[in-house]
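Let's start with one chain on its own, the form predicted on its own, as structure tokens.
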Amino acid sequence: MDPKLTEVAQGFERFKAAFVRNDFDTCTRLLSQLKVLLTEFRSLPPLFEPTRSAIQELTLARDIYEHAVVMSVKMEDQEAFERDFCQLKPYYTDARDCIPQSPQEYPILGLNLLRLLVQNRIAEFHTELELLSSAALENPCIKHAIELEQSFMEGAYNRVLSARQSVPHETYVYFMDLLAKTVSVACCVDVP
């Protein structure tokens, strides 16, 4: 294995160990180091240069960015979420033909939709939906976000509030709580 790839893989293992312990200070430090190391891989976006270890590099980088996105949710840092999601997205779109699909792809895409909904960025929410395949739209994580948006737009706030009880992925709770706060404010404003 390429020594650089080995170094990144070992750093990622240390990151994951800290992640399991919820040691976010260590995770943040290691993530910063990993992102710097990833810049040395020419196979990654935006270059996508073919290399001997391109598939391993792309897969490892995608896994790192997926963990970064989930960590940002655990840390309740929406700015970090947006930044890390933007770094991750090319692995779901541009690298789709190069690496196998991640089991975390739909949960993370659904998380992003929830974030856009919470931030009342409805136009971007619909733009993101248009970019998804029909198979993605049938995934429970994506359907959950779509149903929430429909309920929210219809003013069916009770459905929005009850949807927290049936989240398709544990990482959704943070954004569901924010959405519940938004709904509570909306309900209070609507009362004469």
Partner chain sequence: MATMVSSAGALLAMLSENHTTLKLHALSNLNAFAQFFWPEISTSIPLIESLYEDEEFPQRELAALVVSKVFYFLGELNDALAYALGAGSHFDVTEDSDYVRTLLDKAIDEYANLRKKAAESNEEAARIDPRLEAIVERMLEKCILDGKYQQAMGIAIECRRLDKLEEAVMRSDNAPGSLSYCINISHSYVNRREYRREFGPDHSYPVHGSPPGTANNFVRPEMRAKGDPGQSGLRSSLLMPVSQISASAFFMISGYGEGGRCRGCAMVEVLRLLVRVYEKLPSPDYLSICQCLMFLEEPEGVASILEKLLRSGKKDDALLAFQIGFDLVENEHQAFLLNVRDRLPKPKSPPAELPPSRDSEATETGNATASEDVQMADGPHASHGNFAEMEPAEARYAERLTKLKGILSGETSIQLTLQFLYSHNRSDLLILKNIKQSVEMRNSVCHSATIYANAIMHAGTTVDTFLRENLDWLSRATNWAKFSATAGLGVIHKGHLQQGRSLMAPYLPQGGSGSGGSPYSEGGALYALGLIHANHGEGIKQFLRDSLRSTNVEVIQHGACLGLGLAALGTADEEIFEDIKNVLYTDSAVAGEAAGISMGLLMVGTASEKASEMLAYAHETQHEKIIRGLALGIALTVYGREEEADTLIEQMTRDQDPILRYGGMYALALAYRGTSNNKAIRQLLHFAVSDVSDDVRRTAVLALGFVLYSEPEQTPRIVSLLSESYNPHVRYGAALAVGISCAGTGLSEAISLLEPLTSDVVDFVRQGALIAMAMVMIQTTEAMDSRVGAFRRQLEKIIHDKHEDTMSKMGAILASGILDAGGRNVTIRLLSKSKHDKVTAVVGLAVFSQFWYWYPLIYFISLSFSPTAFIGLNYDLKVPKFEFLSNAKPSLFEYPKPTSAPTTTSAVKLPTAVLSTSAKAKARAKKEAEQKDKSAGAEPSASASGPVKGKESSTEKSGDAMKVDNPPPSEKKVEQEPNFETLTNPARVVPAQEKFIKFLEGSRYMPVKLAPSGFVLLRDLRPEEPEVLSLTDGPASAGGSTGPAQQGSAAGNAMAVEEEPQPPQPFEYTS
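Residue numbers count along the first chain shown, from 1. What you see is a predicted model, and the numbers here were worked out from it, not measured in a lab.
Below, we turn to the form predicted in complex with its partner chain, even though it does not appear here.
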| property | result |
| --- | --- |
| Proximity to its partner chain in the predicted complex, single hit among Thr39, Ser166, Asn158, Ser133 (heavy atom within 4.5 Å) | Thr39 |
| Candidate from Gln150, Ser162, Ser32, Thr127 lying within 4.5 Å of its partner chain in the predicted complex - any heavy atom | Ser32 |
| Exercise: Glu105 in contact with its partner chain in the predicted complex, heavy atom 4.5 Å | no |
| Cys98 within 4.5 Å of its partner chain in the predicted complex, heavy atoms | yes |
| In the predicted complex, Arg83 touching its partner chain (heavy atom, 4.5 Å) | yes |
| Thr93 within 4.5 Å of its partner chain in the predicted complex, heavy atoms | yes |
| Residues in 33-63 with any heavy atom within 4.5 Å of its partner chain in the predicted complex | Lys35, Val36, Thr39, Pro45, Pro46, Leu47, Phe48 |
